Each structure stands twice: as C-alpha cells, then as structure tokens.
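Read on for two forms of one protein chain; each stands alone as structure tokens, with the labels structure 1 and structure 2.
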Structure 1
C-alpha cells in the first residue's frame, strides 16, 4: 500500500497528528470557501507542495495515489459537459465550463488536503487521535483489529493468487472468476480461524474487549498544535478575504 509506506517514512511523521489533522480540516473548509477556481487550485498546489517539499513524499508517489480519484473526476465532469432534455436531446451544457472548473478546483483542493494528511500520518496515529476524541470503543476495536489483519490477509491473497496462476487458474475469464470465488471463500475461512485464534488469545489474557495500545509519543505536540492552529486560521482568513 503506497500511502501506508509514505506515511511511515516521511519527515513529518513525528509531528502531532492533532496538528496535521487540524490543518487538513482548515484546508477542507477552505476548499469549500474558495470563491474562484484559481484560489482552489492554489490551495491544491499549497497542500501538494507541503506534502512533497515539507514532508518529503516523492512527487511520483503523490501522483500515483491521486490518479484514481482524478479518473473519477474526469468521468464525472464528462456528464456535466452535456445537457439532455426530452425535446432537444443531447447538446452542450450552456454553463459547463464554469461549473466544471468550480467543481474540479474544489475537488482538487480537498483531495490535495486529504493526501497531505494521509501521506504524512500513519493510520494507527489517526486511530489514536480518534480515541482521544472519544470515538466509540466498538468502532475503534474494529479499526485496530482490521488494520492489523489487513496485511496478514493481503499476504494470504498474494500467495493464493500466485498458486492459482501457477495452476492456470486465470487462463480464461470463466476460470479466473471461479478462482476469485475460491480465493474469497478460502480467505473467509482463514478469517474465521484467525478470529477464533485471536479471541482465544485475548481470552487467555483476561481480555474483555477494548484493545488498547501504547500510542506513539510526540515530543513537540503542544508547539505543533499551536502552529497548526495559527496556520489554519491564516489560511482560512486568506481564502475568505480573497473570495469576498
């Protein structure tokens, strides 16, 4: 997983997640506040530069991660390009340019802000942040177990796929659908056994629910938060001022 790799290996890994999440929130709000596509594009650029130059995420990786949402944006913009009525049929939408540039600007700015957060902060840090924000325990437990099992299951999927390919499991479309079905069914059974094992292991250690882990320590958390708050307010003020 590209994002996970970048999140652990960037320069801003040890900045408090509260600070990064707070600044991202300001960025998302600013994306909605931005009055013109130019301001939105500048926002997108700002967050992309923060991720690439500040946190040191490779630019190529940033682009590869952004490719999928950009595909969705392109496909959806296509539908705004045309207008359709029962009488006149298909024709170019009158204000398509303005609508699409507004939409694309806002989406790009918000996407860039999201990417800044996820590429600089590992998921367990964000789960820790949610715990401090009093998110319900039942949800947090789901997240903790799911994150830990993700990689186990991904390894199992890779091994099974390789074994199926070696036996011509993906030789035809029909065969590959069958292989996928077998893979998912087998995986589900592994899921069952893994879960039973985990439950027994937790029960043997007196586990009664509530999976807690030591969260990483952030030395300059207070300073980071103040800086992020200041930067976020400045950003919002600048965008609001420009848009009026």
Structure 2
C-alpha cells in the first residue's frame, strides 16, 4: 500500500497527529479563503513541498498517490465547460475559464493539504485522534474494518495471482479471462468468510465497545501542537491578506 509505505516511513511520523491535523485544517480553510487561482496553486505547492521535502515522502510516490484524485478533478472541471438553459439547451459556458480555474485551484490546494496529512500520519494514529475527539465508535469501527480488509484482499489477490501464474493461467487471452473470473470468485468467497468472522467476533462482544488497539506515544506533542497552531495562524493571515 503506497499510502501506508509513506505514512510509516516519513521523517514526520513521530510528530503528534493533532499538530498535523490542525495544520491541515488551516490549509483547508486557506484554500477556501484563497481569492485567486494563483494563491490556491501556491498553497497546493506549499503542502506538496512540505510532504516531499519536509516529511521526506518520495516525489514519485506522491505523484502516484495523487494521480487518481487529480484525474477525477480534471474530469469534474471539464464538466464546467458546458451550460444548460431552457432556451438554448447544451452550449459552451461563457465564463468557463474563470470558473474552472477557481474550482480547480481551490480543489487542488485542498487535495494537497489532505495528501500531506495522510502521507505523513498512519491511519491508527488518525483513528486514535478521532477517538479522542469523541467520534462515534460505529464510524471508527467501520474505518478500522475497511482498513484491515484492504490488506486481506491485497494478500489474497497476490497469492491467487501467483498460483495462477505457476499453472500458466495467463498463457493466452482465453486463459487470462478464465483466471480473472476465478480470481473474482475466490475473492468473493474470502470476503464473505472474513465478514462472517467479523460478525461473529462482534456478536461475541455483545456489540459493546469499539475495536481497540495500541496507539503510539508522542513525546513532544504539546510543542508540536503549539508550532502547528502558530504556523496555521500565519498561513491564514497571509492568505487573507493577499485575498483582500
């Protein structure tokens, strides 16, 4: 998993998640307050540099993680090229350029801020932070279960594909299609068994209490939070000053 590789291997792994989440929230607010696409792009570049140069996330890994949401953003922006009116129907939007630049700039800044958070903070730390913020246990349990199921499915896909390759399951196009069908069927059965096991485990606890696990300790949490608060205030002040 690319995100977990970066989250556990970066230089800012042991910075308190409260600090990184607070600064990310400041970045999201700054993206909303950005008065021009140039400011929004500068914000996106700032958070990308913080992730790559500050936290030490490899640039190629950052691009690979960002590629899918960037593609979704590009497709969403293209939809603003058209406008629909009762009189003319579908036609080119007259102010498409300004609307697309504003939307894409702010969305890119928000995306970069969120990538900074998830690529520098492992999910167990984020779940622990949300639990301290009194988020509902049911929501956190769903997050943990979905997170763990990703690794189960990844391991199952790799094992099945390796077994199929050993039996020359991809020697021809017909064999590849057959192997793909068997892979989908195998995953369906494994997901069913895993879901049943999770249900039995929850029933054994009588549905009481959330899924708990040990969370990491952060020695300089107070210092990190104060520094993040100061940096967030400076960031918001700079963006608000430029947008006036």
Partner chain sequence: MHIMEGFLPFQHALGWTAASAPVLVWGIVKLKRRLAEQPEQRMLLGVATAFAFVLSALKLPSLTGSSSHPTGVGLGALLFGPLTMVPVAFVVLLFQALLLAHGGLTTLGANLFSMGVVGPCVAYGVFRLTRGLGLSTAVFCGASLGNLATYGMTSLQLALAFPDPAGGVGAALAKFAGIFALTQIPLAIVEGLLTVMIVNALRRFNADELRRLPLLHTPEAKA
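Numbering follows the first chain given and starts at 1. Note that the structure is a prediction, hence the values are computed from the model and not measured. Here, rigid core means the biggest group of C-alpha atoms that superpose within 1.5 Å across both forms.
Peer 1: Determine, for this pair of isolated chain forms, which one is the form predicted alone.
Peer 2: Of the two forms shown, it is structure 2 that corresponds to the form predicted alone, while structure 1 does not.
Peer 1: Once the core is aligned, please say if the CA of residue 163 is shifted by at least 2 angstroms between the two structures.
Peer 2: Where the cores coincide, residue 163 still shows a C-alpha shift between the two structures that is 2 Å or more.
Peer 1: Could you check, with the core superposed, whether the Cα atom of residue 139 shifts 2 Å or more between the two structures?
Peer 2: True for residue 139: a C-alpha shift of 2 Å or more.
Peer 1: Superposing on the rigid core, is the CA of residue 192 displaced by 2 Å or more between the two structures?
Peer 2: Yes, because once the rigid core is superposed, the C-alpha of residue 192 moves 2 Å or more between the two structures.
Peer 1: Taking the rigid core as the frame, how far in Å does the Cα of residue 181 move between the two structures?
Peer 2: Shift of residue 181 at C-alpha, rigid core superposed: 7.5 Å.
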